[in-house]
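Before any questions on binding or motion, here is one chain by itself as structure tokens, the form predicted alone.
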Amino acid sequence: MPLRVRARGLSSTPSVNRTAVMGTVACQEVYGISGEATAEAVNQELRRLDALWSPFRPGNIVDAIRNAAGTVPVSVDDDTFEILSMARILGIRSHGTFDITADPVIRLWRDAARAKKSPPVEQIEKMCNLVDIADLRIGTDRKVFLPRAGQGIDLGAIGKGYAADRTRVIYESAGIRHAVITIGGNVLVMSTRPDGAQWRIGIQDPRLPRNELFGYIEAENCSIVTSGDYERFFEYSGADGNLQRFHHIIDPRTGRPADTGVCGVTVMAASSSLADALATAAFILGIEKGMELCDSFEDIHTLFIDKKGLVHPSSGMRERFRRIANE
């Protein structure tokens, strides 16, 4: 998860705001006389989007799409239409490694985490057969349809990114020039810091406890998103008595937690939605293919950390990433 690296010498005092939303904590630092009111407007928008797309809110739009799968199309609001349209394109372009129709598999593993045991192989295969981004039908009339009963959508790998992009719109509309918001593993920065220096966004060391930094990225007016196997996972004792560990990033193609030798991927882009989706897809693809996917988009910078702790930056990220020397 990206973390803010504090720096001295800021030219003004920000309005600092924290709120629990989208299954995490959103943290804002907003500079300007309207900072406090703007931060609250952002919180309201985050809560609105969370209500629309949370997998834990019965009766919301994603619940309606799941319940109507195989029967009738569902009319959706503008934001849901936009995020689903974007997700479908990115799902196809990533060859299914980013796939919002992975909902049946994700729900299966979520139940497994509660029960502290892995799902049966036959259940994984059954749920995996319901996953196919090409099945998602989105009409120009803003009607959405999944053709098979049991299918559903999960926006966990892009929803926070979309929310961060909406935050940018709110900041700009309020005349805010300098701000930073963190929503889980998603960070968005507006312009530079008030003193003109670049923001420093810390990257968690995946091998150490929370808030122990591996390095930082110098950034301005962009979004930085990290996906890692160390943020959300569960452990249980297997039949052989050995401890088994499963993380939350599921490969939609296999229905199992991705295992490509990567423990963290950070993507830097103008669009937080795009960075969010690519961070997930790149983690699942692994270093070589993940880098190739990210490089197929313009102005995307990527950083991989493998399970040995080695850093693999793209050429653009190499100029921006600074390693923190271990004492």
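Please read these numbers as outputs of a predicted model, since none were measured by experiment. Sequential numbering from 1, following the sequence displayed.
In what follows, reference is made to the form predicted in complex with ligand ADP, a form of this protein that is not presented.
Contact stretch among 134-142, 100-108, 78-86, 187-195 - heavy atom within 4.5 Å of ligand ADP in the predicted bound form: Within 4.5 Å of the partner lies stretch 100-108.
Whether 156, 227 and 284 all lie within 4.5 angstroms of ligand ADP in the predicted bound form by heavy atom: Looking in the predicted bound form, the three residues 156, 227 and 284 all sit within 4.5 Å of ligand ADP (heavy atoms).
Contact test in the predicted bound form: residue 124 vs ligand ADP, heavy atoms, 4.5 Å: So residue 124 does not count as contacting ligand ADP.
Partner proximity in the predicted bound form: residue 164 to ligand ADP, non-hydrogen atom cutoff 4.5 Å: Residue-level check for residue 164: no, no contact with ligand ADP.
4.5 angstroms heavy atom contact with ligand ADP in the predicted bound form for residue 249: Residue 249: contacts ligand ADP in the predicted bound form.
Heavy atom of residue 266 within 4.5 Å of ligand ADP in the predicted bound form: It does not: once ligand ADP is placed as it appears in the predicted bound form, residue 266 has no heavy atom within 4.5 Å of it.
Contacts with ligand ADP in the predicted bound form - residues in 270-294 whose heavy atoms fall within 4.5 Å: The stretch 270-294, when checked against ligand ADP in the predicted bound form, contributes 276, 280, 284 at the 4.5 Å heavy-atom cut-off.
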